[in-house]
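We begin with a single chain expressed as structure tokens, specifically the form predicted on its own.
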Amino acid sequence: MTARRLFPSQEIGSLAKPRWQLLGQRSEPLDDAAKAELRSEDERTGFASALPAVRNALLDGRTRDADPESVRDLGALFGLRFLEAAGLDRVYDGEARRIEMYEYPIRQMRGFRFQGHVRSFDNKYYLKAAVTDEIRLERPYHLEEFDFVRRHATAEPKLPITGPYTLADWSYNEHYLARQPGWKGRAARRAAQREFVVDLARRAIRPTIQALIEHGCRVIQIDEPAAGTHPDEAALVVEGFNAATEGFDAEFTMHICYSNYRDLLPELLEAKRCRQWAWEFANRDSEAHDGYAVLEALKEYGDTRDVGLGVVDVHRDRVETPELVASRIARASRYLGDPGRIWVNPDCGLRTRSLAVSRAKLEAVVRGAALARAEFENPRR
């Protein structure tokens, strides 16, 4: 296997969808701003060269000649080339086909009933479901999505998938709680939630992962954003992760954002097949607070896995300088004691930022990694 360079870079989640994609997949005509955006991005990366008929139909006002799935293909090519043009070593398509990370996987399963929209943490809304019966997977999902990326990617593809703990936490647990005997108190609720998480892992996530690996997927990011909201359930996060990944030959990473990671330790370290912690740091890093000091905890516990290091904040438009990114990488390297364990990335997905801001932040990630690499490989005397 070819050794990777020091401080490789990667995407970590979704991008904002361009206006031309949103209009095009609804078969609505593109306005001047959307046309200008499509032309500009195509000139920048040439992403539309693989689907010129779709591009031309959108630009010529023949939106109905471009079916929605072809527009989504074009959107996936855009996201892929957007990330590759920034210089990232591992990429996906910016989750161009996904509305959000919960509803789509739940719709691939039987045993759920959608109840209505609820507000999420970032002032968005998602359609929340209740589990009302045994979980049955209709079919493994994300396969066609991954196949398209694999065919067109020039960098290494990395697929993100929502983990079982988060899917359970964001659902109403009716079926499993009803099966608990007696008073539905704290102990019964915990037992019901454990059964729910493990069933999701074994009946839905696991067969999906197996199918993805059979399709050639080698790097799979398990997203567990709900983990930080219930740190006392870290062991359940781990149980779901292990049930979903046991025995599979792939590189698994676990993405958790906006958490006090020390509160999840040491239980989280029992995630047996996790080879990288993809965490958020930049959001909490300031002159008054060292956002990277938590990495000392990994050293204290003797954990030697790789770290996907969040080096740019995805909730602010201010673009970090490459020098700041490099200094964060250097600081993290000192805490870990091994710079070879670090991958660099944004804290989380950039979907809440404009494409212009996202591009600038990704370029800062790559340039900052290059500065840090040069310093570590050729230290000043």
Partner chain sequence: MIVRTGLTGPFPRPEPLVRATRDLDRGRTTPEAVAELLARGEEEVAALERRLGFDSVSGGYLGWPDLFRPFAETWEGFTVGPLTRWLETNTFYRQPILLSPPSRAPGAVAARLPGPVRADPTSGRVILPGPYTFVSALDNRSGETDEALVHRLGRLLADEVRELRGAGFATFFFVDPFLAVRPPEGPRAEAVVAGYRAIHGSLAGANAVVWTYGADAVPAFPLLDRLPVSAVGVDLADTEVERLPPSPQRTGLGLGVVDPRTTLGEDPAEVARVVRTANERRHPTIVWLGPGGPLDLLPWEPATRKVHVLSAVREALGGGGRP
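Numbering follows the first chain given and starts at 1. A quick note: this is a predicted structure, and the numbers were derived from the prediction, not measured.
One more form of this protein should be noted, the form predicted in complex with the partner chain, which is absent from this view; the next part is about it.
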property: The partner chain contact at Tyr125 in the model of the complex, heavy atom, 4.5 Å; result: yes
property: In the model of the complex, Gly308 touching the partner chain (heavy atom, 4.5 Å); result: no
property: Proximity of Tyr172 to the partner chain in the model of the complex, heavy atoms at 4.5 Å; result: yes
property: Exercise: Pro225 in contact with the partner chain in the model of the complex, heavy atom 4.5 Å; result: yes
property: Partner-facing stretch of 199-207, 174-182, 137-145, 104-112, counted where any non-hydrogen atom is within 4.5 angstroms of the partner chain in the model of the complex; result: 174-182
property: Residue among Ala130, Ala191, Ile213, Ala235 with a heavy atom within 4.5 Å of the partner chain in the model of the complex; result: Ala130
property: In the model of the complex, the one of Lys299, His230, Arg275, Arg218 near the partner chain [non-hydrogen atom within 4.5 angstroms]; result: His230
property: Non-hydrogen atom within 4.5 angstroms of the partner chain in the model of the complex for each of His117, Ser120 and Arg186; result: yes
